[in-house]
Structure formats: structure tokens, C-alpha cells
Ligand code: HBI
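Before any questions on binding or motion, here is one chain by itself as C-alpha cells, the form predicted on its own.
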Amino acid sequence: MNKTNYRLLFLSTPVGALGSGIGGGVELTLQNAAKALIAKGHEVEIVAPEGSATNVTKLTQIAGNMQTSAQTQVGADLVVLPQNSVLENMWSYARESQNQFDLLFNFAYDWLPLYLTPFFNRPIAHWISMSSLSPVMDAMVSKTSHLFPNAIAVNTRACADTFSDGDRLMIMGKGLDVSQYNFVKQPEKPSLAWVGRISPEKGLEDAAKAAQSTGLPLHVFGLIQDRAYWEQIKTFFSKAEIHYEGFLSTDELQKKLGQCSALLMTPRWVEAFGNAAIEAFACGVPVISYNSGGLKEIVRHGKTGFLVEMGSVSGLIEAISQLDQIDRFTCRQQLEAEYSLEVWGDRLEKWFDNLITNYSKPRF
């Protein structure tokens, strides 16, 4: 039986240009998903806001005003759409070109693409990149999952469980291009890393406090989304040796991240997954994380890192003192076995096979 090669349209996050870092981990997720499926013989076109950049495949850029980030609307029971919305414009393009594709893949954590799903004549797969943040979004996730079973996927069971109809959501994990990350058996000198958007919900202050207490340098990687918060961190922890490394390309990040003794992940919210964790594993870097959200499904306590109680800086410090118990090669092995592009590509392909084969428009 011959395998069918699909034509796929990926619709990026509307909160920022692809490659800017504003969209957080979903930017890497989208591009790795494209790589995984292209490697399996499928055609992919990416639609993203104007100013985007990627070297993965064909890119169509759409002008318009960016969407407000979902993190700023926690608990909001309303839908926000700016005038000349890039989200609206991206989905207008999708509607006009849908017949060129077998399936559309949505990466926007937003109400509108879910609402539009029944009005298209092609199946739409939705990637929900964050936990439930608002009643209006939760209700639309439920409605769409009932109309189109298996059409919505999340990273982890912990993420799914935050939604009222979480048992209807697909658990899809993620994947990395392992060849982009060099394994480092032993860093040149002890240091810590922290990777993410620099914003209060990511809890950078806990990592800074742990670094100050242990005397270890802390290398901070990521986009400064909240400048006042970042300045506050530097002021409060002036005795800590904190090095801001910037928002780096994958190649630059892995070179510096691989030279760290551990990655600290200290989110103050339910982290749906944590791309940085598997990027660290790819370099052989153990992860010390709060025991919450998707991270507790990724980190193997005592084998590829340590899980500590949320908000426990003393727990972080104790875990740092036990890093010599971790075999860095075990971290790389977990990445290759569970989070390679090949493994993830197989999972995505089966998901799309099911959606395309069983697709039928609902009757209103």
C-alpha cells in the first residue's frame, strides 16, 4: 500500500513574527513539526505575520496588527481582536487557498481559528500550546472537540487536564532535530542556565536567588518581554553573577547551553511542556524543575534531573548540590528515544491520516 503525501498549510502564532521569540516555544514547535513532516515526504507551507523568517520551507507573510498575548488575558471571558488583525488576515488567506491543501494546522492559541473550523471544507488540526487560561477559550476548545473529535492536540496530559474537556484532547508531545544539538560530556566549568521569555510568570527570580546562594554563574537566555521585571531582577539580586546571553538561534543556544551544569526551570504557572527542557537534554544538560505541569512528565527525577516543590528555592539549591549523581548521557538518551523528529513525525503523520481520512463537515 502506497503512503499518501499530503499538502499541509501551517498557520503560525499571531502574537509576533516567526523567529522573533515573541511567540515563545510555539515558534520552535511549528518549525520542527514542518521539518518532521517534510522529512516524511509531505509538502508544507507556513503562513506567519509580516517580518517572519524561516529556512525550513515556503513562507507566506501576512500584514496586520498583532494579536494580544493570551498570558495578558488570564481569566478574561471576552474575545479581543484588533482592527486590521493579522490573525483575521491569516485566516482569510487560509480560506481563499484551502483547496490547495489536504489539511490546515493551526498554532494560534486563540478563539477565532477554533470558531472558524466548521466553516472550512478542509480538516483543521489545532495545536494548543498552553494550559487553559480563560473561560471563553476553554468553552470553545470543548465545543470544537465535540464537533471534531481528535482535532485538538496538546503537549502533555498535565496541559490537557486544565481544560474542562481535557479527556477529548490528543496528547502529542514534541520533537527536536537532534542533529542540531551537540552532546557535551562535561562542561568546562560549573554554571547554571535559565531559558525562556523574561516575564513574571516564568519565575526567573527563583533561579537568580538559587544562583546567588550557590555562588554559581547564571546564564539567562531569551527575549526580554518585560523590561521592568528584568531590571528588578538585576537590582534585587545584585550579588548574583547573572549573564544575559540574549535571544539566540538554536545553533548559538546549544553551544552555550551545553556548557552549563544544569538548566533551572522555575515557572510560576502550569507550564504546558517546556521546550527548553528537551533542548537541554539534547546537549546532555540535566534539568532542575518545579514539580508541576508538563515538566513533571518530562524530567525523570534522579536520572535526567530533579523535580522540586513549586516555589522552593531551597529545593533548587539542594538539587544543584546533587548534580554529580546525574549521568549526562542519560539525558541525551531520553531525548533521542522520546523526542526525536523521527518519533514525533510518526505521531503527527498518524494524527493527520486519521483527521483527513475521517473528515466530514458537521451539519448545522
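Just so it is clear, the structure is predicted and the values come from calculations on it, not from any experiment. We number the residues from 1 along the sequence you see.
Keep in mind the form predicted together with ligand HBI is missing from the figure; the text below concerns it.
Among E88, D110, D102, D206, the residue placing a heavy atom within 4.5 Å of ligand HBI in the predicted bound form is D110. Contact annotation: of the candidates S314, Q333, T68, N65, the single residue with a non-hydrogen atom within 4.5 angstroms of ligand HBI in the predicted bound form is T68.
Note that among 230 to 238, 122 to 130, 285 to 293, 158 to 166, the stretch whose heavy atoms approach ligand HBI to within 4.5 Å in the predicted bound form is 122 to 130. The shortest heavy atom separation between R197 and ligand HBI in the predicted bound form is within 4.5 Å.
Heavy atoms of V44 never reach within 4.5 Å of ligand HBI in the predicted bound form, leaving it off the interface.
A residue is said to contact a partner when one of its heavy atoms sits within 4.5 Å of a partner heavy atom; I356 fails this definition for ligand HBI in the predicted bound form, lying far away.
Ligand HBI is not shown here, but in the predicted bound form it comes within 4.5 Å of a heavy atom of V26.
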